[in-house]
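One chain comes next, on its own, written as C-alpha cells: the form predicted alone.
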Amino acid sequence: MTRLLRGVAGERAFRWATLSALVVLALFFVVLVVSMFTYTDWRTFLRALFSAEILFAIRLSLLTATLATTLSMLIAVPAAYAISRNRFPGKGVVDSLLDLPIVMPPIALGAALLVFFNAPTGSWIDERVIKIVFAVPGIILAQFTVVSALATRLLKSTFDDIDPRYEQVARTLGYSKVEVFFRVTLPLARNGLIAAVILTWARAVGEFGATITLAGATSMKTETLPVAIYLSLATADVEKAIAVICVLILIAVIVLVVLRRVANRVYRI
C-alpha cells in the first residue's frame, strides 16, 4: 500500500514538473510576443509598417526567398533522391557534406562566398556574367547556399520513408526509371515535398548572416526583412524594427499552421 501511494505521488510530481516546465516555456514566448505588440501605439506601428522602406523589404524578401527556394528544390529533389536510392564510394562523405551548411554559421557561409567572388574565377563572374556582391542576385545566392542543404536533408528523409518495392513493382509493369520517379515516387512524396518547400522558404525569408556578408545592408537596395531589423535597430528606430518583427511572426504563424495541416494529412494516411 505504501509503495502504491509513493508510486502515485511520484507520478503526480513528475506530471506537475513536466507541465510546469511546459507552462514556463510557453509563458516566456507569450511575454516576448505581447511585449512586441504593446511597446508602441498602433498608429506609430502602422505608420512604420506601411513605410516605403518596410514595404520594399517585404517585397524583396518574398521575391528572393521564392527564387532561392525554387532553385533549391530543383537541385535538392534529384540530389536527395540520388543519395537516398544509390550506393556509391564516398557516400558517407557526401552525406556529411550536406550537413555542413546546416551546422555552420550562416555568416561563415557568406564569408566563404565573398572570398570566392574575390578570387579570379569568382571576380570574372561578378564583373562579366552577373553582379553578385552587394547586389540582389547575391541575396538569392546567399539564401540558396543556406537553404539548399536543408531542403536536400528534408527530402532525403522523405524518400527514405518510401518503400522501394513500390518502384520495383512499377518497373516490372514496364515503366522506365523516369516514369517511375514522376508517376510513383513524387506522388508518394507529395506531403514531404510540400513540407520541405514551406520550411525552406521560411528559412530563406529569415536568412541574415550570409546575406549581409555577401550582399551587404544597403537601404532600399539589398534590404530584406532581417536586414531591415538590423538597420532599424542600428538607427534606434525601434518602432520600425518591431513592425518588421511582427511581419516575420505573422509569416512564421502561417508557416506553422500550414505545416500542421500537412502533418495531419500524413498522419491520416
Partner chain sequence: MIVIKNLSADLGSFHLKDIELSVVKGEYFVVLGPTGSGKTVLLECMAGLHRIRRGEIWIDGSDVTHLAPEDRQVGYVPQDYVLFPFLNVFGNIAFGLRRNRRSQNDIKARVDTVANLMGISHLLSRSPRSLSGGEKQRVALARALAPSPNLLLLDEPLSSLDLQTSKYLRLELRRIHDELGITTVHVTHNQMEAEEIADRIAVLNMGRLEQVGGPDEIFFYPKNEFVSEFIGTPNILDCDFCRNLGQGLVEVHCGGIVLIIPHDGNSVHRIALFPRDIYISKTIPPGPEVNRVRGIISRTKISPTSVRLAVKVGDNELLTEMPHHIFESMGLEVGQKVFLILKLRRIKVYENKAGG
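The model shown is predicted, which means the values in this text are computed figures rather than measured ones. Residue numbers count along the first chain shown, from 1.
The protein also exists as the form predicted together with the partner chain; that form is not presented, and the subsequent description refers to it.
Site annotation in the model of the complex: the residue of N86, S96, N118, S176 reaching within 4.5 Å of the partner chain with a heavy atom is S176.
When the partner chain is considered in the model of the complex, only one residue from V169, I125, I194, A108 comes within 4.5 Å through any heavy atom, namely V169. Stretch-level contact analysis of 73 to 81, 153 to 161, 185 to 193, 140 to 148 against the partner chain in the model of the complex, using heavy atoms and a 4.5 Å limit, identifies 185 to 193.
Proximity of K91 to the partner chain in the model of the complex: non-hydrogen atoms within 4.5 Å are absent; the residue sits far from the partner.
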